[in-house]
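Next up: a single chain in structure tokens, the form predicted on its own.
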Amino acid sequence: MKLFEYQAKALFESANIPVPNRVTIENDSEVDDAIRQVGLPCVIKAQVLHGGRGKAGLIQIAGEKEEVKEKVNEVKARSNHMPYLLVEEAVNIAKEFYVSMTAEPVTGDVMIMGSAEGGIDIEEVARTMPEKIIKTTVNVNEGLLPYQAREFLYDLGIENRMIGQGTKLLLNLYDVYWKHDAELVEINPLMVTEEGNFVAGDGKVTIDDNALYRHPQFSLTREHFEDDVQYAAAIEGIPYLQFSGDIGLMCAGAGLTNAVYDLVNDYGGSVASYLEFGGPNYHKAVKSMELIMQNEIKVLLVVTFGTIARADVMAQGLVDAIKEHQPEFPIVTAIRGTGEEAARDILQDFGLEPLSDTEEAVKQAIKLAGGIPIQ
């Protein structure tokens, strides 16, 4: 679960990591009170969960009261779904760094990464200037030790006079990472002010979904999703993605889904949405149909192959879902796996054609959607 910036900064603050004075607001009627709390100039920041906010105009600086109101309305107008804005004090920045902590995928240790090229697209830095990325790993049984933090900061190019302050910040950030079962904690930029202090300019925290039960203060809310369908799917524990095409996909397994998605595009079609029908969701066909019907599609393509989930249960669930929800769009099925023969009988008895070839199913779906499959 990704936290919004205002949530991440609240965690940082509770761990004694310096953050700017700030307040969350919903509209320009709250600007006067926000200015009283943070002063001028201030920074208006959209609270959304995707990156690239600066390039998208979702972060603005304002120096006067009326300008703050204008910027608040301007930022809100740039996003369809933005429940909150963060208004925070502008900081006199002398230098910007990047620092993050995440799991090292091979050893399971904690990897700390940093760069003196903070405040910009760090993925681009890693691609074009990998030598600018400093890394160190932390044994999870020992935790981050002060000497490791100091060595990392020296490698990062931090001045001697700020090593002590930086060491405390890294140790506190490690506490945030460890105590909150985080997959990622990131500060970008980690600002050094002209007064010689570290301040977390931005904050990202992603908590492991499997550990959310240990952190009941955080829960998925409507604000985490762009529309009601994605939110409803998340509450059901069903992975769901929204696209802009006209073919709905119900597939079992990420690998098969990727293959079907590519086939649809290769043969000239376009995907409207994807819903995971495998894993623990294979018996949720009725709910899945309810979700997928909330998106406008021209045809539904259901594809499974070789899963441990029972194909006959999927087929019966699909039949039950059609009976209950009466979808008006055609449905193409290629449901294969354990109990495949029984699945074929169930689909045929209901009047659906059980296909056994994925590419044939994709071409048929494109044709039913009104396209002409590329041969």
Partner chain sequence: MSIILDEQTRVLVQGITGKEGSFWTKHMMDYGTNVVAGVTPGKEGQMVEGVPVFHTVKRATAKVEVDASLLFVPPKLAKDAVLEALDAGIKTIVVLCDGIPLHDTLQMRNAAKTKGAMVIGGNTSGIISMGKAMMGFFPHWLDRVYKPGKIGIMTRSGSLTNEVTAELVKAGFGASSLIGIGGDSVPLTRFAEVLPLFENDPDTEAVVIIGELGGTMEEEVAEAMENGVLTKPLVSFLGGRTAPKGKKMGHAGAIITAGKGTVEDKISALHGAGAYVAKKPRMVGELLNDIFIKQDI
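We call the rigid core whatever largest set of C-alpha positions still superposes within 1.5 Å between the two forms. Residue numbers count along the first chain shown, from 1. If you're wondering where the values come from, they're calculated on a predicted model, not measured in any experiment.
The form predicted in complex with the partner chain is left out here; the points below concern that form.
By the 4.5 Å heavy atom rule, the three marked residues 140, 182 and 243 all count as contacting the partner chain in the predicted bound form. Partner contact region in the predicted bound form: 104-112, out of 196-204, 104-112, 158-166, 286-294, criterion any non-hydrogen atom within 4.5 Å of the partner chain.
Checking 82, 254, 133, 232 for any heavy atom within 4.5 Å of the partner chain in the predicted bound form turns up a single hit: 254. Proximity to the partner chain in the predicted bound form, defined as a heavy atom within 4.5 Å, holds among 151, 266, 74, 89 only for 266. Not displayed here, the partner chain is approached by residue 261 to within 4.5 Å at the level of heavy atoms in the predicted bound form.
Of the heavy atoms in residue 225, none are within 4.5 Å of the partner chain in the predicted bound form. Contact annotation: residue 95 falls outside 4.5 Å of the partner chain in the predicted bound form, judged by heavy atom distances.
Residue contact with the partner chain in the predicted bound form: residue 337 places a heavy atom within 4.5 Å of it. In the predicted bound form, 357, 358, 359 are the residues of 351-375 with at least one heavy atom within 4.5 Å of the partner chain, listed from first to last. With a cut-off of 2 Å and the rigid core superposed, residue 244 has a Cα displacement that reaches or exceeds the cut-off between this form and the one not shown. Annotation for residue 363: C-alpha shift of 2 angstroms or more between this form and the one not shown, rigid core superposed. If you fit the rigid core between this form and the one not shown, you'll see the Cα of residue 171 move by less than 2 angstroms.
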